[in-house]
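This document starts with one chain, in the form predicted alone, laid out as C-alpha coordinates.
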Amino acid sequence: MTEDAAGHVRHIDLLLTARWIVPVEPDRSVLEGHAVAVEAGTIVDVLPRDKADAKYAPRERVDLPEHVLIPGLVNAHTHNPMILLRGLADDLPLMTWLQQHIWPVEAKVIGPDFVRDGVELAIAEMLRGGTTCCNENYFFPDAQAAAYRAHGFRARIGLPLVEFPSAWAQTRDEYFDRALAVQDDLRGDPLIGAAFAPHAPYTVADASFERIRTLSDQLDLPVHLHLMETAKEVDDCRREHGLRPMQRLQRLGLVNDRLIAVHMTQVSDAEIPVCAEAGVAVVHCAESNLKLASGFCPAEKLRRGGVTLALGTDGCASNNDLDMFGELRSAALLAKAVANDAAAFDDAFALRAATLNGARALGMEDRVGSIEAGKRADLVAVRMDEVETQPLYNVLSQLAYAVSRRQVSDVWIDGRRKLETGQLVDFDLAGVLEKTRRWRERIAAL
(Lines give C-alpha, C1' and ligand atoms only; values in the text may rest on other atoms or scores of the structure.)
Protein backbone atom coordinates (compact mmCIF):
# COMPACT_ATOMS: atom_id res chain seq x y z
CA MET A 1 0.00 0.00 0.00
CA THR A 2 1.71 3.16 -1.21
CA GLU A 3 0.42 6.24 -2.99
CA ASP A 4 -2.51 5.39 -5.24
CA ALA A 5 -2.99 6.59 -8.81
CA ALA A 6 -4.48 9.85 -7.54
CA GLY A 7 -1.40 10.54 -5.43
CA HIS A 8 -3.06 9.95 -2.07
CA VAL A 9 -0.70 9.25 0.78
CA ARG A 10 -0.95 6.28 3.10
CA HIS A 11 -2.21 6.89 6.61
CA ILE A 12 -0.06 5.25 9.28
CA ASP A 13 0.08 5.27 13.07
CA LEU A 14 3.56 6.64 13.62
CA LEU A 15 6.43 8.26 11.74
CA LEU A 16 9.80 8.61 13.47
CA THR A 17 12.49 10.79 11.94
CA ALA A 18 16.02 10.81 13.33
CA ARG A 19 19.36 12.36 12.53
CA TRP A 20 20.79 8.86 12.37
CA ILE A 21 19.25 5.40 12.17
CA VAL A 22 21.39 2.34 12.87
CA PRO A 23 19.29 -0.58 11.58
CA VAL A 24 21.96 -3.20 12.55
CA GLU A 25 21.16 -5.08 9.36
CA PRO A 26 22.93 -4.58 6.98
CA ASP A 27 26.12 -4.58 9.00
CA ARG A 28 27.73 -1.21 9.85
CA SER A 29 24.93 0.70 8.13
CA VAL A 30 24.28 4.22 9.44
CA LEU A 31 21.43 6.10 7.75
CA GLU A 32 21.33 9.90 7.99
CA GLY A 33 18.15 11.92 7.63
CA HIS A 34 15.89 8.89 7.43
CA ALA A 35 12.53 7.93 8.87
CA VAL A 36 10.78 4.82 10.13
CA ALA A 37 7.11 4.31 9.32
CA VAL A 38 5.04 2.21 11.73
CA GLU A 39 1.53 0.82 11.36
CA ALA A 40 -0.23 -1.47 13.87
CA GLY A 41 3.06 -2.02 15.72
CA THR A 42 4.92 -3.15 12.60
CA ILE A 43 7.71 -1.31 10.76
CA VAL A 44 6.37 -0.81 7.25
CA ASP A 45 9.16 1.30 5.77
CA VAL A 46 12.61 2.77 6.36
CA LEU A 47 13.29 5.58 3.91
CA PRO A 48 14.75 9.09 3.49
CA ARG A 49 12.85 11.74 5.41
CA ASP A 50 11.73 13.75 2.34
CA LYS A 51 10.30 10.63 0.73
CA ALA A 52 8.54 9.72 3.96
CA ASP A 53 6.93 13.15 4.11
CA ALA A 54 5.55 12.67 0.61
CA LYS A 55 4.45 9.08 1.08
CA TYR A 56 2.90 8.91 4.55
CA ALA A 57 0.34 10.79 6.63
CA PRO A 58 1.09 9.77 10.23
CA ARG A 59 -1.39 10.04 13.07
CA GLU A 60 1.64 10.76 15.26
CA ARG A 61 5.01 12.12 14.23
CA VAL A 62 8.10 12.21 16.43
CA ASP A 63 11.16 14.12 15.26
CA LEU A 64 14.48 13.21 16.84
CA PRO A 65 16.90 15.83 15.48
CA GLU A 66 19.92 15.03 17.68
CA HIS A 67 19.28 11.34 18.20
CA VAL A 68 20.24 7.96 16.87
CA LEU A 69 17.42 5.44 16.51
CA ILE A 70 18.42 1.83 17.16
CA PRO A 71 16.59 -1.47 17.66
CA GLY A 72 15.58 -2.16 21.24
CA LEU A 73 18.32 -3.88 23.22
CA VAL A 74 17.83 -7.56 24.06
CA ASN A 75 19.00 -8.80 27.46
CA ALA A 76 19.48 -12.47 26.60
CA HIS A 77 20.00 -13.72 30.16
CA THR A 78 18.69 -12.27 33.38
CA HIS A 79 17.03 -13.14 36.69
CA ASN A 80 14.99 -9.98 37.07
CA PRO A 81 13.14 -10.73 40.33
CA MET A 82 16.58 -10.86 41.95
CA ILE A 83 16.79 -7.10 41.53
CA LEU A 84 15.28 -7.02 45.03
CA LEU A 85 18.53 -8.63 46.25
CA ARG A 86 20.80 -6.07 44.58
CA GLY A 87 23.91 -5.47 46.70
CA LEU A 88 22.94 -8.05 49.32
CA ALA A 89 26.05 -10.26 49.07
CA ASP A 90 28.89 -8.76 47.09
CA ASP A 91 32.54 -9.69 46.52
CA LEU A 92 32.08 -13.46 46.87
CA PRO A 93 32.80 -16.42 44.55
CA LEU A 94 29.84 -18.02 42.78
CA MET A 95 29.10 -21.06 44.96
CA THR A 96 29.67 -19.20 48.25
CA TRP A 97 27.44 -16.40 46.99
CA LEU A 98 24.71 -18.86 45.95
CA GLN A 99 24.77 -21.46 48.70
CA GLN A 100 25.51 -19.33 51.76
CA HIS A 101 23.71 -16.10 50.90
CA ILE A 102 21.32 -15.99 47.94
CA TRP A 103 19.55 -19.34 48.24
CA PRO A 104 18.95 -19.02 52.03
CA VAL A 105 17.41 -15.56 51.62
CA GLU A 106 15.32 -16.63 48.64
CA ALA A 107 13.97 -19.57 50.65
CA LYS A 108 12.51 -17.09 53.15
CA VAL A 109 11.00 -14.51 50.80
CA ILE A 110 10.37 -16.00 47.38
CA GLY A 111 6.79 -16.13 46.18
CA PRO A 112 4.51 -14.58 43.56
CA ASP A 113 4.55 -11.13 45.19
CA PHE A 114 8.36 -11.05 45.41
CA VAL A 115 8.62 -12.08 41.77
CA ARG A 116 5.99 -9.65 40.50
CA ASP A 117 7.41 -6.67 42.41
CA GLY A 118 10.96 -7.48 41.33
CA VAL A 119 9.95 -7.75 37.68
CA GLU A 120 8.17 -4.40 37.82
CA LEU A 121 11.25 -2.66 39.23
CA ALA A 122 13.39 -4.37 36.59
CA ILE A 123 11.06 -3.26 33.78
CA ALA A 124 11.46 0.36 34.91
CA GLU A 125 15.25 0.06 34.90
CA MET A 126 15.36 -1.76 31.57
CA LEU A 127 13.11 0.70 29.77
CA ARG A 128 15.13 3.66 31.04
CA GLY A 129 18.24 1.97 29.64
CA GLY A 130 16.86 1.07 26.21
CA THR A 131 16.15 -2.63 26.79
CA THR A 132 12.88 -3.80 25.22
CA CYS A 133 13.18 -7.60 25.49
CA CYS A 134 14.63 -10.01 28.03
CA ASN A 135 15.19 -13.72 28.54
CA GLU A 136 14.08 -14.62 32.07
CA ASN A 137 15.30 -17.46 34.28
CA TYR A 138 13.63 -17.65 37.68
CA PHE A 139 10.87 -19.22 39.74
CA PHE A 140 7.14 -18.42 39.52
CA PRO A 141 7.13 -17.93 35.74
CA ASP A 142 3.37 -17.38 35.86
CA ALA A 143 3.86 -14.28 38.04
CA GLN A 144 6.66 -13.10 35.78
CA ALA A 145 4.54 -13.48 32.66
CA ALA A 146 1.65 -11.59 34.24
CA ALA A 147 3.91 -8.66 35.15
CA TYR A 148 5.52 -8.46 31.70
CA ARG A 149 2.15 -8.75 30.02
CA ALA A 150 0.67 -5.98 32.18
CA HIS A 151 3.44 -3.59 31.13
CA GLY A 152 3.56 -4.60 27.46
CA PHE A 153 7.18 -5.70 27.73
CA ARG A 154 8.58 -8.37 25.42
CA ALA A 155 10.06 -11.39 27.22
CA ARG A 156 10.83 -15.07 27.01
CA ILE A 157 10.00 -16.66 30.35
CA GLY A 158 12.07 -19.54 31.68
CA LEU A 159 10.21 -22.61 32.97
CA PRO A 160 12.45 -23.54 35.89
CA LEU A 161 13.75 -26.95 36.88
CA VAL A 162 16.10 -28.05 39.65
CA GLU A 163 16.34 -31.37 41.48
CA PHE A 164 15.45 -29.94 44.89
CA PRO A 165 12.17 -28.61 46.31
CA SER A 166 11.42 -24.90 46.06
CA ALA A 167 8.50 -22.61 46.76
CA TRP A 168 7.51 -23.13 43.11
CA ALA A 169 7.51 -26.94 43.02
CA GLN A 170 8.34 -29.82 45.33
CA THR A 171 9.03 -32.72 42.97
CA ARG A 172 10.35 -33.29 39.47
CA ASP A 173 6.88 -34.14 38.20
CA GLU A 174 5.45 -30.99 39.75
CA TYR A 175 8.13 -28.84 38.07
CA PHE A 176 7.16 -30.32 34.70
CA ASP A 177 3.41 -30.16 35.31
CA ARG A 178 3.55 -26.51 36.33
CA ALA A 179 5.92 -25.64 33.49
CA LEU A 180 3.58 -27.11 30.91
CA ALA A 181 0.62 -25.28 32.43
CA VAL A 182 2.47 -21.95 32.07
CA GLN A 183 3.52 -22.81 28.53
CA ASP A 184 -0.09 -23.57 27.64
CA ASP A 185 -1.20 -20.23 29.08
CA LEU A 186 1.41 -18.36 27.01
CA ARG A 187 0.56 -20.09 23.75
CA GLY A 188 -0.14 -17.48 21.09
CA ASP A 189 0.83 -14.49 23.25
CA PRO A 190 2.30 -11.84 20.91
CA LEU A 191 4.83 -10.53 23.47
CA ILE A 192 5.54 -13.33 25.94
CA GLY A 193 7.04 -16.70 25.06
CA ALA A 194 8.51 -19.56 27.07
CA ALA A 195 11.70 -21.60 27.27
CA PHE A 196 12.68 -24.55 29.40
CA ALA A 197 15.12 -23.33 32.04
CA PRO A 198 16.95 -26.19 33.75
CA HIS A 199 19.26 -24.33 36.12
CA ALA A 200 22.64 -25.94 35.34
CA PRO A 201 24.20 -29.36 34.74
CA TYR A 202 25.20 -29.57 38.40
CA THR A 203 21.60 -29.11 39.63
CA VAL A 204 19.73 -31.18 37.00
CA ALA A 205 19.79 -34.97 36.55
CA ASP A 206 20.03 -36.89 33.29
CA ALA A 207 16.44 -38.06 33.54
CA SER A 208 15.19 -34.48 33.71
CA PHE A 209 17.40 -33.40 30.81
CA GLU A 210 16.06 -36.28 28.72
CA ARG A 211 12.49 -35.25 29.44
CA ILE A 212 13.29 -31.63 28.58
CA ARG A 213 14.87 -32.71 25.30
CA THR A 214 11.72 -34.61 24.33
CA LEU A 215 9.41 -31.74 25.26
CA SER A 216 11.66 -29.15 23.61
CA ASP A 217 11.48 -31.15 20.38
CA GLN A 218 7.71 -31.59 20.61
CA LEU A 219 6.90 -27.98 21.52
CA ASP A 220 9.79 -26.31 19.65
CA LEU A 221 10.86 -24.46 22.80
CA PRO A 222 14.39 -23.22 23.55
CA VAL A 223 16.39 -24.62 26.46
CA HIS A 224 17.94 -21.80 28.51
CA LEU A 225 20.81 -23.17 30.62
CA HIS A 226 23.79 -21.97 32.68
CA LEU A 227 26.66 -23.93 31.17
CA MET A 228 30.38 -24.18 31.97
CA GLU A 229 30.29 -21.06 34.10
CA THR A 230 33.29 -22.03 36.26
CA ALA A 231 36.27 -24.38 36.18
CA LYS A 232 34.86 -26.13 39.26
CA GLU A 233 31.71 -27.02 37.34
CA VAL A 234 33.81 -28.73 34.68
CA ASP A 235 35.96 -30.56 37.22
CA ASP A 236 32.92 -31.76 39.18
CA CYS A 237 31.21 -32.99 36.01
CA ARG A 238 34.28 -34.97 34.97
CA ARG A 239 34.45 -36.52 38.41
CA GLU A 240 30.74 -37.41 38.55
CA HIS A 241 30.02 -38.30 34.92
CA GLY A 242 33.42 -38.85 33.36
CA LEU A 243 32.61 -36.15 30.81
CA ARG A 244 32.84 -32.41 30.32
CA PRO A 245 29.43 -30.69 30.67
CA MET A 246 29.20 -30.11 26.91
CA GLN A 247 29.92 -33.79 26.23
CA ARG A 248 27.25 -34.79 28.72
CA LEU A 249 24.69 -32.56 27.00
CA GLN A 250 25.71 -33.96 23.62
CA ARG A 251 25.10 -37.47 24.92
CA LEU A 252 21.67 -36.35 26.11
CA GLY A 253 20.79 -34.81 22.73
CA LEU A 254 20.58 -31.21 23.95
CA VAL A 255 23.35 -29.64 21.88
CA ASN A 256 21.20 -28.26 19.06
CA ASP A 257 19.78 -25.04 17.66
CA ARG A 258 17.37 -24.65 20.58
CA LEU A 259 20.12 -24.50 23.22
CA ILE A 260 20.81 -21.08 24.79
CA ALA A 261 24.10 -21.67 26.63
CA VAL A 262 24.85 -18.97 29.20
CA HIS A 263 28.33 -17.95 30.42
CA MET A 264 30.54 -20.57 28.72
CA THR A 265 33.72 -19.26 30.33
CA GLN A 266 35.22 -22.77 30.14
CA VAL A 267 34.31 -23.66 26.56
CA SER A 268 37.23 -25.37 24.83
CA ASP A 269 38.60 -24.66 21.37
CA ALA A 270 37.31 -28.06 20.24
CA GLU A 271 33.79 -27.30 21.49
CA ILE A 272 33.44 -24.03 19.56
CA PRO A 273 32.92 -25.68 16.12
CA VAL A 274 30.55 -28.15 17.77
CA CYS A 275 28.42 -25.22 18.95
CA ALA A 276 28.61 -23.50 15.57
CA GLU A 277 27.62 -26.60 13.61
CA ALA A 278 24.76 -27.44 15.99
CA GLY A 279 23.43 -23.85 16.00
CA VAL A 280 23.89 -23.31 19.74
CA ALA A 281 23.51 -19.69 20.87
CA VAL A 282 25.93 -18.47 23.56
CA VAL A 283 25.04 -15.64 25.94
CA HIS A 284 28.06 -13.75 27.25
CA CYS A 285 27.58 -12.10 30.66
CA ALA A 286 30.87 -10.23 30.90
CA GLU A 287 30.24 -8.12 34.00
CA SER A 288 28.73 -10.90 36.11
CA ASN A 289 31.58 -13.24 35.20
CA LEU A 290 34.11 -10.56 36.14
CA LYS A 291 32.40 -9.76 39.43
CA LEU A 292 32.14 -13.40 40.49
CA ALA A 293 35.63 -14.20 39.11
CA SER A 294 34.06 -17.05 37.16
CA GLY A 295 36.43 -16.86 34.22
CA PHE A 296 36.69 -15.30 30.78
CA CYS A 297 34.38 -16.32 27.96
CA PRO A 298 36.44 -16.52 24.71
CA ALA A 299 33.95 -14.23 22.98
CA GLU A 300 36.10 -13.40 19.96
CA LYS A 301 36.89 -17.07 19.31
CA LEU A 302 33.17 -17.82 19.43
CA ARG A 303 32.42 -14.95 17.05
CA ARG A 304 35.12 -15.98 14.59
CA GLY A 305 33.95 -19.58 14.89
CA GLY A 306 30.49 -18.65 13.63
CA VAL A 307 28.63 -19.09 16.92
CA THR A 308 25.65 -16.79 17.55
CA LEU A 309 26.91 -14.64 20.43
CA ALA A 310 24.43 -12.59 22.44
CA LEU A 311 24.77 -10.53 25.62
CA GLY A 312 23.08 -10.64 29.02
CA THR A 313 23.46 -8.78 32.28
CA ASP A 314 22.70 -11.80 34.47
CA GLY A 315 20.76 -10.84 37.61
CA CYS A 316 21.21 -7.67 39.62
CA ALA A 317 22.41 -9.72 42.59
CA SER A 318 25.58 -10.67 40.67
CA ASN A 319 26.02 -7.73 38.30
CA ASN A 320 24.20 -5.01 40.22
CA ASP A 321 22.54 -3.38 37.23
CA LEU A 322 20.54 -4.11 34.08
CA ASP A 323 22.54 -1.70 31.94
CA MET A 324 22.90 -3.24 28.48
CA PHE A 325 24.90 -0.28 27.15
CA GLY A 326 27.37 -0.88 29.97
CA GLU A 327 27.31 -4.60 29.21
CA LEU A 328 28.06 -4.25 25.51
CA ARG A 329 30.94 -1.89 26.28
CA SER A 330 32.38 -4.25 28.91
CA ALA A 331 31.98 -7.23 26.57
CA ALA A 332 33.79 -5.45 23.74
CA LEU A 333 36.68 -4.29 25.93
CA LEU A 334 37.07 -7.64 27.67
CA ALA A 335 37.01 -9.54 24.38
CA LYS A 336 39.91 -7.44 23.09
CA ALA A 337 41.98 -8.20 26.18
CA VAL A 338 41.20 -11.93 26.16
CA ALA A 339 41.95 -12.22 22.43
CA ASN A 340 44.96 -9.89 22.71
CA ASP A 341 43.58 -8.14 19.66
CA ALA A 342 42.43 -4.51 19.62
CA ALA A 343 40.32 -5.21 16.51
CA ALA A 344 38.33 -7.98 18.20
CA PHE A 345 34.61 -7.60 18.96
CA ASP A 346 34.32 -4.28 17.09
CA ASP A 347 31.76 -1.55 17.72
CA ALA A 348 29.22 -2.75 15.15
CA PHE A 349 29.41 -6.32 16.44
CA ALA A 350 28.94 -5.15 20.03
CA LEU A 351 25.65 -3.51 19.05
CA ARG A 352 24.64 -6.56 17.00
CA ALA A 353 25.35 -8.85 19.96
CA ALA A 354 23.04 -6.70 22.10
CA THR A 355 20.23 -6.59 19.51
CA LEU A 356 19.89 -8.94 16.53
CA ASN A 357 22.02 -11.74 17.98
CA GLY A 358 20.02 -11.59 21.19
CA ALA A 359 16.81 -11.86 19.20
CA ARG A 360 18.30 -14.78 17.23
CA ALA A 361 19.32 -16.56 20.44
CA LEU A 362 15.73 -16.26 21.69
CA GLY A 363 14.22 -17.40 18.40
CA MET A 364 12.76 -13.94 17.79
CA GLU A 365 14.93 -12.70 14.91
CA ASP A 366 11.95 -12.71 12.56
CA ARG A 367 10.21 -10.17 14.82
CA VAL A 368 12.81 -7.94 16.48
CA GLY A 369 16.52 -7.13 16.69
CA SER A 370 16.90 -4.86 13.65
CA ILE A 371 15.06 -1.97 12.02
CA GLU A 372 13.59 -3.57 8.91
CA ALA A 373 10.22 -3.53 7.22
CA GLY A 374 8.07 -6.37 8.51
CA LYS A 375 9.55 -6.42 12.00
CA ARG A 376 7.85 -5.22 15.14
CA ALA A 377 8.55 -1.64 16.16
CA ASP A 378 10.77 -2.15 19.21
CA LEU A 379 12.80 1.04 18.93
CA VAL A 380 15.08 3.17 21.09
CA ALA A 381 16.14 6.80 20.65
CA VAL A 382 19.45 7.89 22.14
CA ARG A 383 20.49 11.56 22.45
CA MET A 384 23.90 12.11 20.92
CA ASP A 385 24.31 15.83 21.67
CA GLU A 386 25.32 15.26 25.30
CA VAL A 387 28.77 16.18 26.62
CA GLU A 388 29.68 12.49 26.93
CA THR A 389 29.23 11.84 23.19
CA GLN A 390 30.80 15.00 21.77
CA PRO A 391 32.52 15.48 19.42
CA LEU A 392 30.89 12.82 17.27
CA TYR A 393 32.91 11.34 14.43
CA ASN A 394 31.53 7.80 14.34
CA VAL A 395 28.03 6.90 15.52
CA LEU A 396 28.80 3.19 15.97
CA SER A 397 31.90 3.95 18.02
CA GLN A 398 29.98 6.28 20.32
CA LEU A 399 27.22 3.71 20.83
CA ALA A 400 29.74 1.03 21.79
CA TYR A 401 32.24 2.98 23.84
CA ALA A 402 30.79 6.31 25.01
CA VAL A 403 27.00 6.31 25.31
CA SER A 404 25.47 6.17 28.77
CA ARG A 405 22.06 4.60 29.35
CA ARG A 406 21.04 8.00 30.77
CA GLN A 407 21.08 9.28 27.17
CA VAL A 408 18.14 7.03 26.23
CA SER A 409 15.25 9.43 25.67
CA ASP A 410 12.43 7.45 24.08
CA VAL A 411 11.43 3.79 23.81
CA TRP A 412 8.73 1.99 21.87
CA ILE A 413 7.68 -1.67 22.14
CA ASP A 414 5.33 -2.96 19.43
CA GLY A 415 4.96 0.66 18.33
CA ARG A 416 3.69 1.75 21.76
CA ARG A 417 5.58 4.46 23.61
CA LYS A 418 7.07 3.23 26.88
CA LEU A 419 9.51 6.09 27.58
CA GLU A 420 9.01 9.70 26.51
CA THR A 421 11.84 12.22 26.90
CA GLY A 422 13.24 10.11 29.71
CA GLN A 423 9.96 9.60 31.57
CA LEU A 424 8.18 6.26 31.90
CA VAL A 425 4.75 6.22 30.27
CA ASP A 426 1.71 4.77 32.10
CA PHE A 427 3.92 3.44 34.88
CA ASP A 428 3.39 3.90 38.62
CA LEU A 429 7.04 4.37 39.48
CA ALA A 430 6.34 5.79 42.93
CA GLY A 431 4.24 2.75 43.80
CA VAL A 432 6.92 0.36 42.54
CA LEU A 433 9.60 2.15 44.58
CA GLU A 434 7.43 2.02 47.69
CA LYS A 435 7.02 -1.76 47.33
CA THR A 436 10.78 -2.03 46.82
CA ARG A 437 11.39 -0.12 50.04
CA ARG A 438 9.16 -2.55 51.94
CA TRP A 439 11.04 -5.54 50.51
CA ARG A 440 14.35 -3.97 51.55
CA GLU A 441 13.13 -3.58 55.11
CA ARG A 442 11.88 -7.16 55.25
CA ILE A 443 15.05 -8.68 53.76
CA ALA A 444 17.40 -6.51 55.81
CA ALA A 445 15.69 -7.79 58.97
CA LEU A 446 16.32 -11.47 58.18
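Start at 1 and count along the sequence shown; that's the residue number. The structure presented is a predicted model; accordingly, all values stated were derived computationally and were not measured.
Only in words, not in the display: the form predicted together with a further copy of the same chain, which the text now covers.
- Within 4.5 Å of some heavy atom of a further copy of the same chain in the predicted complex lies at least one heavy atom of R405.
- Among residues of the shown chain, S29 is not one whose heavy atoms approach a further copy of the same chain to within 4.5 Å in the predicted complex.
- In the predicted complex, a further copy of the same chain sits beyond 4.5 Å of every heavy atom of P65.
- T436 belongs to the set of residues with a heavy atom inside 4.5 Å of a further copy of the same chain in the predicted complex.
- With respect to a further copy of the same chain in the predicted complex, the three residues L333, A337 and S397 uniformly fall within 4.5 angstroms at the level of their nearest heavy atom.
- Residue heavy atoms within 4.5 Å of a further copy of the same chain in the predicted complex occur in exactly one stretch of 37 to 45, 382 to 390, 53 to 61, 412 to 420, and that stretch is 382 to 390.
- Only one of the listed residues (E372, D346, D117, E365) places a non-hydrogen atom within 4.5 angstroms of a further copy of the same chain in the predicted complex, and that residue is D346.
- In summary, among the residues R258, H226, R352, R329, the only one with a non-hydrogen atom within 4.5 Å of a further copy of the same chain in the predicted complex is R329.
- Applying a 4.5 Å heavy atom cutoff to a further copy of the same chain in the predicted complex picks out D90, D91, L92, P93 from 90 to 112, in order along the sequence.
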